[in-house]
Ligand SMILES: C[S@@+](CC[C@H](N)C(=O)[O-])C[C@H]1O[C@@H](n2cnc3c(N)ncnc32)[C@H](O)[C@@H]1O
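One chain follows as structure tokens, the form predicted alone.
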Amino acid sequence: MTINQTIYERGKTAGIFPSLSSRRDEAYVGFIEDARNLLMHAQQKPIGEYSRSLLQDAGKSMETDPKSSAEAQELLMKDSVLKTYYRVKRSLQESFWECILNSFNMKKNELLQALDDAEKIGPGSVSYDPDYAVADYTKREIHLQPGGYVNEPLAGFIYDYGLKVFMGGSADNDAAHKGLASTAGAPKDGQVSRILDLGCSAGGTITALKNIYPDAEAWGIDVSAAMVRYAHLRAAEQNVDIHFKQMHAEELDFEDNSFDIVTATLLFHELPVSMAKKVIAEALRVLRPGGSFTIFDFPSANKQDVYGMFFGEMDALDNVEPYIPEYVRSNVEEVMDDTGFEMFPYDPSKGLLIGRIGTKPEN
């Protein structure tokens, strides 16, 4: 049985995202999206140039070691322009999350019923355990999202609309996910019968991958029951056959050598490095020889200067990203290589989220 009509009372926006409860709310969040685009994109280059000039004029090191980063933060956050910039950036984010949460809460019962109804239909499936014990590291309110990913039953709805705002419209119609999926690594022999997306959240990447490989069995896993429930509803509405399951990425409930492609989009900077290493090992285990693993995430610290590291660390503070500083210093490409992957060349200058691609050796 498949969905034959939309189940959102007010339909969707941007092709995919569920509408908020009123046009007024959408207009308010749209204003914040435009303001963030101006702040985060139009001003990003001049803010970076201004910050670097302050550091250079003060004779500060441009290296990314912890000492230089701490000195950069101390200097830059005394500047009134930069203090205002980061305060406005934080305030805009607090505002759009509050509006999205309040708007969806106005029709909370309807949305929860939609999740319940979706479990009875296909294509695809969803599996989760109401008593599932999630790891403590997953309980943070990442991105300032109210309730985080695991403590709010509407987390999938909230995250999906928040991503629309957070990405400044580039995620509309799943454009960002489609772009990333199109560059994911694939086995050299071209044989793709099973694909897996780790930390799938709302399911954008695995949906895009399933459309690229329509004959493959597709799985998306996430530690959050709210996320996999919403991802299933979202995929079923698009008539895309995907299996979603609640699961820790560092403890995969799949057999060895059972997937041809594994991906992870913006997952690793939200993991403690100790967990990230386990996830990479699990990805290697479940891939068949010749299978491909792609990590889409931020570049390592050795790919940027001290201002880039400062901006990331400020984002970690303002955006509640507690694991970013440790992640970017860990050099995930080296961890993949040390775990046993054969790595493809990686050029971070080609884009913020260019994938790190590793292949499981044939022997």
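Since the model is a prediction, treat every value here as computed from it, not as a measurement. Residue numbers here begin at 1 and follow the sequence given.
Omitted here: the form predicted in complex with the ligand. The next part is about that form.
Interface membership of S95, defined by any non-hydrogen atom within 4.5 Å of the ligand in the model of the complex, is ruled out. At least one heavy atom of H177 is located within 4.5 Å of the ligand in the model of the complex.
The shortest heavy atom separation between E270 and the ligand in the model of the complex is within 4.5 Å.
Taking non-hydrogen atoms only, L287 never approaches the ligand to within 4.5 angstroms in the model of the complex. Proximity to the ligand in the model of the complex, taken as a non-hydrogen atom within 4.5 angstroms, holds for one residue of L75, V240, L82, L266, which is L266. With the partner removed from view, the residue among I221, A184, V126, I280 that has a non-hydrogen atom within 4.5 Å of the ligand in the model of the complex turns out to be I221. This chain is displayed without the ligand, yet in the model of the complex the stretch 131-139 from 131-139, 82-90, 107-115, 186-194 comes within 4.5 Å of it by heavy atoms.
Residues of 224-258 that come within 4.5 Å of the ligand in the model of the complex, judged by any heavy atom, are S224, M227, M247, H248, A249, E250 in sequence order.
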